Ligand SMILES: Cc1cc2nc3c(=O)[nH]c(=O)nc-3n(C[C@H](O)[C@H](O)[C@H](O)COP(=O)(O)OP(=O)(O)OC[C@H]3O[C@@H](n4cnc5c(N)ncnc54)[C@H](O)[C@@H]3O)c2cc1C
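Quick setup: one chain, the form predicted alone, written in structure tokens, and binding and motion questions come after.
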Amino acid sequence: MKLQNTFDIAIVGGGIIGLSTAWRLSQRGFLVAVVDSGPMAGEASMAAAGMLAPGGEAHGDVPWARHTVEARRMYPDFVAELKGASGLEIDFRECGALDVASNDAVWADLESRRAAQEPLGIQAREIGEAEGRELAPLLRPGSFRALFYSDDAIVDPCQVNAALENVLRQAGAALVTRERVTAIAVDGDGYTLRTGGAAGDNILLRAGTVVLAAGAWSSQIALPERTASLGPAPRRALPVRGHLVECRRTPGMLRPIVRENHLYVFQRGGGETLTGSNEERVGFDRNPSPAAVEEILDRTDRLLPGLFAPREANSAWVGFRPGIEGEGPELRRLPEERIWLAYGHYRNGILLAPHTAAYLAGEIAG
């Protein structure tokens, strides 16, 4: 494609955070370019499970946890608006989540988490075995205690990303793929995005404002040298690898999300059934670990016997969650610059996308 040279706003990173932010900015009349080193939404946003589950993530009354609750409330309208604008279907289900405890120690952890979540307004109630098995008939035999989070939900992130691409193209935004930005450089009263090695020798485009939303790769992109003396340094982004395993089963076999001690299992509307759990800090190693996959399947089989049998029929992949040093994402403007940081959403990028996009669009426009 022939690329226009100058844009109002350039977004580095075409995952769900970058795409949803671009959509909201386009709606405000800005000419936007989104640049990604691969295809749009080709990394964490494509590999993500798509749980919208503050009940499984928030562990205390801190700002980022409150944002997950606010984002969850935004999701029905976000999906409805995006479906209407794009003309595409999005699998979004308010299915709730069942947190199972098979021993007293796990139950004590669940109770502690529920107490910490009460100031956030997250609703959870204890249910008995009879109700638990009615919600999830495939649960293993034997006694257990459980909490039910009625507000937790799921969405298909690939469908969300496809819809976002559609509406951005309709709006005339530039979606630039397979261009690895290595530096954001000052250029008069704006910035240039540069490619071509660590020095960033090649100018890709110019913009008056830049949003850095490159997920786990964000810290690999050089910022203007002058920013180092103007406030706290941007926190370092890092990849946290996670495995997902999928099989296809009859739709409706598993209604709520089922969780146990960091393992999660759920089913999408089309029958795609997913399980996952682990977190590894091994850099950008894309090769699934057979041992990690077997551990996930062993734990899943103990929780929901036979659901993922036979194992050889399952597919597995890895994704790189955008981890970060410290609590919560890096979501702020660099002092005295028109550069915004929007990365480090860790396991909550899909959930937080509507909230992050609305916040950034409002701040940049304002």
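Everything numeric in this text was worked out from a predicted model, so none of it was measured. A residue's number is simply how far along the shown sequence it sits, counting from 1.
We do not show the form predicted together with the named molecule, though everything after this point is about it.
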query	finding
Proximity to the named molecule in the predicted bound form (heavy atom, within 4.5 Å), stretch among 48 to 56, 295 to 303, 329 to 337, 24 to 32	48 to 56
is_contact(residue 357, the named molecule) in the predicted bound form, heavy atom dist at most 4.5 Å	no
Contact test in the predicted bound form: residue 341 vs the named molecule, heavy atoms, 4.5 Å	no
Close approach of residue 324 to the named molecule in the predicted bound form, 4.5 Å, heavy atom	no
Residue 314 within 4.5 Å of the named molecule in the predicted bound form, heavy atoms	no
Contacting member of 181, 210, 160, 265, with respect to the named molecule in the predicted bound form [4.5 Å, heavy atom]	181
Interface residues of 11 to 34 toward the named molecule, as seen in the predicted bound form [heavy atoms, 4.5 Å]	12, 13, 14, 15, 16, 17, 18
